[in-house]
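The data below hold one chain only, encoded as structure tokens and taken in the form predicted alone.
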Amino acid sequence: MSEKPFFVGYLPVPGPFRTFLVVLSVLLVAGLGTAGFLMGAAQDDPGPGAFRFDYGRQTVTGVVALTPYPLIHVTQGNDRIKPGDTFMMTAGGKSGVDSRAIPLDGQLAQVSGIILERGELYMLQVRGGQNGLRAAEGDVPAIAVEPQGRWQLTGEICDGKCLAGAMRPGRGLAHKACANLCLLGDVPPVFVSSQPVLGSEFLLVTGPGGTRLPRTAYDYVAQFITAEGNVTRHGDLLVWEIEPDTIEVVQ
């Protein structure tokens, strides 16, 4: 009779087979862990953007303005948000707050929500219901809108919410489909400039004359492009009125 070990399902595993299976299992687990680490290390740094739940819910008062995307120019802040700050606003999921903000355009309002933050880019995800965005009493100060001239910029169009931290990395070709869905849901679009513009890397991007970003520009989302348009300052936020017919993909 042969002395070689032979596996039978209803009998104990022979010693040599048991040793082989243990070694194989350890190597398989270690190999999968190493492969996962190497794949993760090869990805681009997603950056510091994130929901700042650690800040807690923020409630401030300010003037609602449509650019045409909803902004809140803070007039009464708190320990973290100061008067004079300007925030883009969005709702939960892939949707904006247009239906709630449009009736309050140019009026004083109280807004409450969670901050999304990436460097100097901030967005406020407004909580649902009446307590998220509602009219407030008080004098409405004038918000300065200052023309900054015509600029040719190079960079990338992204949706502001995912870029600010709702998705990591929130930019690049892997983000293109998600970004377009957010923009179709009226999330404010943001241009990431390759060079600072008047001290800022991020600009709210609209169409000419402060109109909505044209759908033709959606084809260029998450691509490295160059284009021209007028820049204006709304409070402390820069707005770039991109001209779609000047868009060119940078190879």
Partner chain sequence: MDVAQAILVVIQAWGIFGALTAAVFLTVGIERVDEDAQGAYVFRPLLIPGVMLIWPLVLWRWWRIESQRAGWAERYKPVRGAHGAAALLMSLGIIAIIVTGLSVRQEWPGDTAPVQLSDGASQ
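Numbering follows the first chain given and starts at 1. Keep in mind that this is a model prediction, so the values were computed, not measured.
FYI, the form predicted together with its partner chain isn't displayed, but the following is about it.
TODO: Considering its partner chain in the predicted complex, find the one stretch among 154-162, 123-131, 96-104, 72-80 with heavy atoms no farther than 4.5 Å from it.
DONE: This holds for exactly one stretch, 154-162.
Task: Sole residue of P147, G84, G138, P141 within 4.5 Å of its partner chain in the predicted complex, by heavy atom - done: The residue in contact is P147.
Open item on the list: So in the predicted complex, is its partner chain close enough to P208 to count as touching (4.5 Å, heavy atoms)?
Closed with: Contact with its partner chain, no.
Open item on the list: Taking its partner chain as it sits in the predicted complex, is P196 near enough to touch it, meaning that at least one heavy atom pair lies within 4.5 angstroms?
Closed with: Contact check for P196: yes, within 4.5 Å of its partner chain in the predicted complex.
Open item on the list: Taking its partner chain as it sits in the predicted complex, is D236 near enough to touch it, meaning that at least one heavy atom pair lies within 4.5 angstroms?
Closed with: Contact check for D236: no, nothing within 4.5 Å of its partner chain in the predicted complex.
Open item on the list: Is V192 part of the interface with its partner chain in the predicted complex - any heavy atom within 4.5 Å?
Closed with: So V192 counts as contacting its partner chain.
Task: Any residue of 71-105 that, in the predicted complex, places a heavy atom within 4.5 Å of its partner chain - done: Heavy-atom contacts within 4.5 Å come from no residue here.
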